[in-house]
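Take a look at this single chain in structure tokens; it is the form predicted alone.
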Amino acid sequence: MASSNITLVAGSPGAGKTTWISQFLTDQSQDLFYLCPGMGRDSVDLVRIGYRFPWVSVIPENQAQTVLAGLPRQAQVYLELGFHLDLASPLLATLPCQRVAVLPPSLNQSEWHDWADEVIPGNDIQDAGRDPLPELWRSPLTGQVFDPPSLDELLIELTGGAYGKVMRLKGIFEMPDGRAFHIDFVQGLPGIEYTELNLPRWLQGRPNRFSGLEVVGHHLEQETISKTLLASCLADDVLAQYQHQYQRLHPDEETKEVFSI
């Protein structure tokens, strides 16, 4: 492991940690590894990295110690640390690594500044500190397909403060035409970003690939958000009608097995 290059990347929610890491994952000639500890299997960032960069080895958390102990020479490893993780964790303290903090330029002093070897200026978001620590709420959505207008309305309400103060929102959502989208919102930045994922259209029943939502904020009405999410999903008969229509429009499309952890 001593000959490998390990970079720990920490910082406030929405500052741009995943974006900063992604610029280093484009070189297919390198042995590249990515790990998002503390998020388990159902991490939006973990899955999206796997979709965008299929040549990157995405490390399952339960295999992290084994993989890190047997890295190939000159491997490049990026560990993205959630804002909720303890920077003084014994595991993090013993890793031979470079520590990078991606932080808003307006945040002049923090625990991340004291921890990092290098501070990278990221998105200039507000309320970027850890006091009080915001909530992290996650909802698995695998198998659910959304009515697009209902989903748009929900996301506008959610990011507008209807169900608590949302600082950060990201998710992967399935649409009735078989496409999947990554949706991203950062408080203080304009709009909600929709990015289509480069995946085969899923037009045969309910999708058996990851989708889910992660929300960071304060005073989140979690039960209400969950109920409103489900109300925006399509019932089996409606989904079947949509898929039948799109199958006729896209007869050559096939559902394929894609990234899994």
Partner chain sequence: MKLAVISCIHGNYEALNAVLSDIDAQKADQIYCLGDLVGYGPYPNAVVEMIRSLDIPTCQGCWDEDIVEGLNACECSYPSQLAETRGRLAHEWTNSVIHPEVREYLATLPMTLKLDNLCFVHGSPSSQHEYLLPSMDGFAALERVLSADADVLFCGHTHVPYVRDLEDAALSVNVQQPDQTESPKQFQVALRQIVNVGSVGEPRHGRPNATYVLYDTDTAQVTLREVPYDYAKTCLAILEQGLPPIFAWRLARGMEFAERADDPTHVCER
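As the structure is a computational prediction, the values presented were derived from the model and not from experiment. Residue numbers count along the first chain shown, from 1.
The same protein has a further form, the form predicted in complex with the partner chain, not shown here; the description that follows concerns it.
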item: Partner-proximal stretch of 26 to 34, 209 to 217, 65 to 73, 226 to 234 relative to the partner chain in the predicted complex, 4.5 angstroms, heavy atom; value: 226 to 234
item: One residue of Pro149, Pro132, Pro190, Pro96 in contact with the partner chain, assessed in the predicted complex (non-hydrogen atom, 4.5 angstroms); value: Pro149
item: Position in contact with the partner chain when the complex is considered in the predicted complex, options Phe83, Tyr163, Trp115, Trp137, heavy atoms within 4.5 Å; value: Tyr163
item: Partner contact for Ile120 in the predicted complex: the partner chain, 4.5 angstroms, heavy atom; value: no
item: Non-hydrogen atom contact Glu157 with the partner chain in the predicted complex at 4.5 angstroms; value: yes
item: The partner chain contact in the predicted complex: Asp124, any heavy atom under 4.5 Å; value: no
item: Close approach of Glu111 to the partner chain in the predicted complex, 4.5 Å, heavy atom; value: no
item: Partner contacts in the predicted complex for 30 to 64 (non-hydrogen atom within 4.5 angstroms of the partner chain); value: none
